[in-house]
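We begin with a single chain expressed as structure tokens, specifically the form predicted on its own.
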């Protein structure tokens, strides 16, 4: 008998799916992280992936980028596998993605200009110095950072570093942007600014966005779709308004910061 899959992560009939995760399973030694993740990510929308620390959210994103090979399952982007393909083909498919890491993950020894220019230079695109400078300045302007190109990361605020990281992530005009805890360590004012940045980028550039976050305020502000990872599967997939009143005790415990039952043992654990 075929193993039953959790249907919570599947798209509705009217959604245009760009990323499709199918039955993803991954273990590291005796520790099972993903037990069969099915998740459809709609094109041109903001999808937030939530869940406790250690549930495997970052592992899931690495599967999307083809950086980790699953024990079973696949990730399809417009029907093309990110897992079962050659390294050369994966590199081609990765050009559709941009990634904003925690704290921006900038090169401290490079100016903001050179950080944004880095993927352009590495891509092998042929452009003059003038064309490169114009592209970099345009990307900095898109994230509201005109005139900071000569500054180094240590001279920038936390919010500015995030924005430089975003400018670098969109330098190659990706179709899909992945964000790993983009508001971690920021105060409420800067958090709101980053949320606005995510929304504006998604809207102005028509980019599909996938955001890993613990910030439920951000989820309610930016998410079109929310997917909760629990016990190695997608426990719930819905919109943010539905999530707030969802009948699942697991969801409500997470939203209100209460201890949750471990999916494998049933024992209460604190995140």
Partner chain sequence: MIGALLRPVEALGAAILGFLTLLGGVTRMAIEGWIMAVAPPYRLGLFFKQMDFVGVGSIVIISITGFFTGAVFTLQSNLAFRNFGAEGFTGATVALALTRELSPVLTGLMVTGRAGSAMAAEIGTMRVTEQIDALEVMAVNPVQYLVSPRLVASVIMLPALTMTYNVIGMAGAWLVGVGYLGIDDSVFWTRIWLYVDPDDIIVGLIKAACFGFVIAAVSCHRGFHAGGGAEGVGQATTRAVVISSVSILISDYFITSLLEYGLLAGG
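Residue numbers count along the first chain shown, from 1. Remember, it's a predicted structure, so these values are computed and weren't measured experimentally. If you superpose the two forms and keep the largest set of C-alpha atoms that fall within 1.5 Å, you have the rigid core.
One more form of this protein exists, namely the form predicted together with its partner chain; it is left out here, but the text below deals with it.
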Item to check | Candidate from 220, 246, 35, 62 lying within 4.5 Å of its partner chain in the predicted complex - any heavy atom | outcome: 62
Checklist entry - Any of the heavy atoms of residue 152 lying within 4.5 Å of its partner chain in the predicted complex? => result no
Next on the checklist: Taking its partner chain as it sits in the predicted complex, is residue 119 near enough to touch it, meaning that at least one heavy atom pair lies within 4.5 angstroms?
Outcome noted: yes
Checklist entry - Does its partner chain get within 4.5 angstroms of any non-hydrogen atom of residue 168 in the predicted complex? => result yes
Checklist entry - Taking heavy atoms and a 4.5 Å cut-off, does residue 199 contact its partner chain in the predicted complex? => result no
Checklist entry - Can you say which of 125-133, 144-152, 182-190, 93-101 gets within 4.5 Å of its partner chain in the predicted complex, counting heavy atoms only? => result 93-101
Next on the checklist: Using a rigid core superposition, assess whether residue 110 undergoes a CA shift of 2 Å or more between this form and the one not shown.
Outcome noted: yes
Checklist entry - Is residue 153 one of the residues whose C-alpha moves 2 Å or more between this form and the one not shown after the core fit? => result yes
